[in-house]
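One chain is shown next in structure tokens, namely the form predicted alone.
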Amino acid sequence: MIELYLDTADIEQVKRFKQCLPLKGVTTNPSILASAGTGLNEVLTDLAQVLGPNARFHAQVVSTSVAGMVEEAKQIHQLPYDMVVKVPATETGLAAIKQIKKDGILVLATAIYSAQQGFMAALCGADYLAPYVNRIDAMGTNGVGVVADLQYLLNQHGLASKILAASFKNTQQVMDVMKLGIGAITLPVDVAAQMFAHPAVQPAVEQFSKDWHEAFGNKLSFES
């Protein structure tokens, strides 16, 4: 089954969606944490209380050297949660991923903008690959097409890396990448809400209620 994550540090929104969606966990990045004005340790404590002990969290290194990324990854790995360390899929990042994987640490290669970039990260041992679908679209390329090419390469070469697609503007992008058989996806809060929202839904529900009460008053279904 596909792993479903929320891409946020907003605890109230995580509480909201935990009630109605089968969340695997939460993904974060330095920009999300900076925007929320909260540090990693603080948000992980709150998220774990909401999502429970089986949740998985993705947290990104901020070091810029190979040695710094490797050491930071070790420290993130030691946090008392199910952690995946996010490392940008740059030349430096790929070098770090190769070393980090020697310690058996789960890694997500992030900031992926091309299929070949993601494929190289997979060959270096990354467990998850995060192509930025809408950001790719915004640059004039086909984000869904990049994900399709990357998934094809993984399948053709028998690689176990999971695509964790990220960066979405609308539900059509989400549906298009899920059709490709990807292993995981992370949604911003606004797009997650759109996944079960449709302008025709509420009028239909209201009509059901109206018809029922006109026929049976305040009785419940099993009382009729």
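Keep in mind that this is a model prediction, so the values were computed, not measured. Start at 1 and count along the sequence shown; that's the residue number.
The form predicted together with ligand E4P exists for this protein as well; it is not shown, and the discussion that follows is about that form.
Listed stretches are 64-72, 152-160, 165-173, 49-57; the contact stretch with ligand E4P in the predicted complex is 165-173, by a heavy atom cutoff of 4.5 Å.
H77 falls outside the set of residues with a heavy atom inside 4.5 Å of ligand E4P in the predicted complex. Ligand E4P in the predicted complex comes within 4.5 Å of no heavy atom belonging to Y81. Of the heavy atoms in A130, some are within 4.5 Å of ligand E4P in the predicted complex. Ligand E4P in the predicted complex is approached by N29, whose closest heavy atom lies within 4.5 angstroms of it.
Contact annotation for 7-21: a single residue, D7, has a non-hydrogen atom within 4.5 angstroms of ligand E4P in the predicted complex.
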